[in-house]
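One chain is shown next in structure tokens, namely the form predicted alone.
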């Protein structure tokens, strides 16, 4: 697969990343079964063989089971660790953790960041995480406290680079102002069904600062691939069908699939969007990889934007 540079590093990574959110369906590492690990092996192996070299995880995915399953597969494939970049996220805490009255919340305290990384390293079975992302912005975070945690992790060799996820542009700027190291990635929800990053400054900021925008749910949670009525409101279904028709038309013209076109639409933005593919089905994983080679024209890109908006541009 063709590559891009990740942020302001000199690391080449695949144009598409593989996301491990749904890699396993288990409530913690201790609940993993041999069957679940075998399924994870099929998905991760398919992605690796198709050329994906960036794998995205988080400490909360299946309460750590996704990291544990990925780590098990990583140890089975000779040489894989040296050829891939591992991204994981921290900062979300569950209800009742650590005391029974604790609510679901976000936590960017230095102590929690450091503790989270130790847990991820243990579950992944690696000595270093390539990129650590802060998962969702903690309203109580202080940038200097986060910067201290980042510096300790970098100096100790436990994390190589850092980034954020689901931040507002102002929050990114605030954190970067305190961090001596550049933030290399920003993971955002972006698809033909979620156009906000085109207008809220997120992609502009990534282009300006050199952060790589990583698009999670790049196919609208699979809605762009399914047929029939999907939502409670008719207007949303009409929008989905309109986008699907345009995707199919361009796919026929380009002799490819709607999936590939939808992912290539994200890649066409000059900020260098890296879609994060999350299917567990090997055939879907391999199909999506073709989006790394498809370059849409401006006209094709705007046809799809118009289909998503439901009206011509002003």
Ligand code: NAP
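Remember, it's a predicted structure, so these values are computed and weren't measured experimentally. Numbering follows the first chain given and starts at 1.
What comes next is about the form predicted in complex with this ligand, which does not appear here.
This ligand is not drawn, but in the predicted complex it has a heavy atom within 4.5 Å of residue 222. Proximity of residue 36 to this ligand in the predicted complex falls outside the 4.5 Å heavy atom cutoff. Put simply, residue 279 is close to this ligand in the predicted complex: some heavy atom of it is within 4.5 Å. Within this chain, residue 135 lines the site of this ligand in the predicted complex, having a heavy atom no more than 4.5 Å away. Note on contacts: among 205, 166, 194, 176, the single residue with a heavy atom within 4.5 Å of this ligand in the predicted complex is 166. Listed stretches are 27 to 35, 66 to 74, 280 to 288, 246 to 254; the contact stretch with this ligand in the predicted complex is 280 to 288, by a heavy atom cutoff of 4.5 Å. Contact annotation for 50 to 79: residues with any non-hydrogen atom within 4.5 angstroms of this ligand in the predicted complex are 56, 61, listed in sequence order.
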